[in-house]
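First, one chain by itself in structure tokens, the form predicted alone.
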Amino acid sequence: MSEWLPSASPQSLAARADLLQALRRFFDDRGVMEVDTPLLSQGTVPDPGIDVFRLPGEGDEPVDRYLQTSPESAMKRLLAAGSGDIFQICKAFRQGEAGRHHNPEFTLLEWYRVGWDHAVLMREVAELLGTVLNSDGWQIWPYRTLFAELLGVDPMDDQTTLTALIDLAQSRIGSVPGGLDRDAVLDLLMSHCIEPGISDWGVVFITDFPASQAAMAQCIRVGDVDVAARFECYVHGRELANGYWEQTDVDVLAAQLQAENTRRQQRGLPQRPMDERLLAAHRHGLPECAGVALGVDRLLALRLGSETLADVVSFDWSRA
């Protein structure tokens, strides 16, 4: 029986220790404070694309708690309380995500910069990747332009119907599940067509996502459409980081969270409770800021040239 053995080699474990030191040094040099927040919370995200681990309440603890998919809510509460620039390296959890590039328990680096927008934060992400991966440049592609370049379609044109997007997905991918909404089809095209299409492009930042995919980011006007002020960073076609110019208006944020719950309902999924502590922090006053979450396990895999996360985590999901 060998299941007791770690999935990572001693060399990979040593490389992981070196990476964690390098990350902390990067932020220490820039005066960003490290923080530590709870993994279990009464609030969670309503994102219909994320399945969470729930700890049911019972007895003297009747309230359900959730393993955090990211420390976002708790860190924003710290920001609202006056913490200033902060970062955290912690465990995060997403149910049902196990595979070569996914592990239901993973390590996340998340940081927030007060007074910045997502454009400034993108440069800092690129600088971190330059330090860790020795990358020497990056590209920035608006979501709309990238779809036009690789798929010949404008996903933000009102004339591009859901039926047209489904037909495109079927022609490029094959069988497409029934009942998908517009964003779900776009996500399918992103994962099956766009990501492979940029696999030899190096470091790529995708910006200006559809406003319907804003989550907790602000929306801004670009050209003739409103877009989400956020970015995703890909390295060799692998999604590595997701950053926002954070929404600070509590009423707009509440509407955005409710919209996510509405999407859940439309997909036949149960709604999730609003994170009232997060909303209270926004009501008190979240400073203008930008934040980003970056997958540490994926970053280490890229640094080592590994094709699977099992090689870079001490015990992968099958051995945990």
Partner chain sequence: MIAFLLNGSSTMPNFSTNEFKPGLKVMLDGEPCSILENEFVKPGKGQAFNRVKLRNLKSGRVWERTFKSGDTLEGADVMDVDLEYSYTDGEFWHFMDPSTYEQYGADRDAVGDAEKWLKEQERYEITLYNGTPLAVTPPNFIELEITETDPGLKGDTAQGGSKPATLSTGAVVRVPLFITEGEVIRIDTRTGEYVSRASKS
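Keep in mind that what you see is a predicted model, and the values were worked out from it rather than measured. Residue numbers count along the first chain shown, from 1.
This protein has a second form, the form predicted together with the partner chain, left out of what is shown; the following refers to that one.
- May I ask whether 50, 175 and 215 each come within 4.5 Å of the partner chain in the model of the complex, counting any non-hydrogen atom? Yes: 50, 175 and 215 each sit within 4.5 Å of the partner chain in the model of the complex.
- Task: State the residue from 54, 277, 30, 267 whose non-hydrogen atoms include one within 4.5 Å of the partner chain in the model of the complex.
- Result: Contact residue from the list: 267.
- Item | Answer option from 90, 180, 122, 80, heavy atom within 4.5 Å of the partner chain in the model of the complex | None of the others qualify; the residue that does is 180.
- Message: Although the partner isn't part of this model, could you tell me whether residue 105 comes within 4.5 Å of the partner chain in the model of the complex, counting any heavy atom of the residue?
- Response: Judged by the heavy-atom cut-off of 4.5 Å, residue 105 is well away from the partner chain in the model of the complex.
- Any of the heavy atoms of residue 192 lying within 4.5 Å of the partner chain in the model of the complex? Residue 192: yes, in contact with the partner chain in the model of the complex.
- Message: Can you tell me whether residue 98 touches the partner chain? I mean in the model of the complex, with a 4.5 angstroms heavy atom cut-off.
- Response: Judged by the heavy-atom cut-off of 4.5 Å, residue 98 is in contact with the partner chain in the model of the complex.
- Message: Against the partner chain in the model of the complex, would residue 230 count as a contact residue? Criterion: heavy atoms within 4.5 Å.
- Response: Within the cut-off, so yes.
- Message: Counting any heavy atom within 4.5 Å as contact, can you tell me which stretch out of 113 to 121, 200 to 208, 235 to 243, 80 to 88 lines the partner chain in the model of the complex?
- Response: Among the candidates, contact is made by 235 to 243.
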